[in-house]
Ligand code: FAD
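Heads up, the chain below is alone and in the form predicted on its own; it's given as structure tokens.
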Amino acid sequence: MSATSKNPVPPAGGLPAKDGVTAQKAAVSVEFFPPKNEAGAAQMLATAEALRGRGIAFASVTCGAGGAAREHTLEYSALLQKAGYAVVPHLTCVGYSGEELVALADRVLDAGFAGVMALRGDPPKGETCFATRPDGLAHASELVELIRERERLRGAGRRLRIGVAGYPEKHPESPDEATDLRWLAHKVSRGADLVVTQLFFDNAVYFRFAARCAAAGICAPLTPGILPALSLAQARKFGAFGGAALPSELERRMLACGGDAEAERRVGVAWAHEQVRELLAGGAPGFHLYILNRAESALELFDLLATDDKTV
């Protein structure tokens, strides 16, 4: 795979390279988004059912751009929890007052979810800059602190697993990589347990990111975020949105499909499979799949990884 690193670097936390490439030894998680209508809800729940029994450590549920569908996040998180998943809903700062965030943190604690993804969040649709409410929070690190404080004050009796976002290719708003890394270190120091990365298509950027995190003393596990791209158009769109470079080899393979949608989807799965194999072999603690509420590509990827297990 020409787009990946030839000399993987163990991620932060001193994780050694694995002897074999195996999904069973890795922490695998998937991400859902709240559906917009009944048909979307049926598809999401059917996907959740199809993925049951695949060794998924947890399922996260997004808030939508700009904090949209915030109530649906907790609603569908509860449904996934009832279906047997360990659930980690997203919680963002966008549009909330500090008082509202306290109430939301308490709801998450009361619901018994496995954890929470604490995020600043993206600006609302149609806006380009994040604007903090005068009585709200400006940074994910503050949200991590708030959740930990609610645990302490309420005597919750258990510690939520808090995840935060990491950007192997730098947050689009950060002036440089060093600044971006300092903010990540700050989030972890405030009480975050794990880092889930923005999607990327080139493993070399993950291994470089992991090396920088290790050098900065960031010891939280760095879970790589992987998108089995459904098409070249989707890969370009998602890559542009999150600042993820599209490798020329992936583009070449999809262009060679001549516009055949199913062929492009298979290329996306094959590329994700190559990514995951090398990431696990290089010491990544697992992987987080952006599945877009669809099961087919995720199931194919799991089957490919199960075949790898039988041959190592």
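Start at 1 and count along the sequence shown; that's the residue number. Only a predicted model underlies this, so the values are computations on that prediction, with no experimental measurement involved.
The following text describes the form predicted in complex with flavin-adenine dinucleotide (FAD), which does not appear among the structures shown.
* May I ask you to state whether A140 is within 4.5 Å of flavin-adenine dinucleotide (FAD) in the predicted complex, using heavy atom distances? => Yes, A140 sits close enough to flavin-adenine dinucleotide (FAD) in the predicted complex that at least one of its heavy atoms falls within 4.5 Å.
* Hey, in the predicted complex, does V276 get a heavy atom within 4.5 angstroms of flavin-adenine dinucleotide (FAD)? -> Contact check for V276: no, nothing within 4.5 Å of flavin-adenine dinucleotide (FAD) in the predicted complex.
* Asked: Given that the partner is absent here, does Y290 sit within 4.5 Å of flavin-adenine dinucleotide (FAD) in the predicted complex, heavy atoms only?
  -> Flag for Y290 set to yes.
* Distance check, A284 to flavin-adenine dinucleotide (FAD) in the predicted complex, heavy atom within 4.5 Å -> A284 lies outside the contact set for flavin-adenine dinucleotide (FAD).
* **Partner-contacting position among A118, A210, V87, A229 - heavy atom within 4.5 Å of flavin-adenine dinucleotide (FAD) in the predicted complex** => Selected residue: A118.
* If we take heavy atoms and a 4.5 Å cut-off, which stretch out of 229-237, 200-208, 100-108, 180-188 is in contact with flavin-adenine dinucleotide (FAD) in the predicted complex? -> Partner-contacting stretch among the options: 180-188.
* To do: Scan 169-185 and write down, in order along the chain, each residue with a heavy atom lying within 4.5 Å of flavin-adenine dinucleotide (FAD) in the predicted complex.
  => Residues within 4.5 Å: H171, E173, S174, D180, W183.
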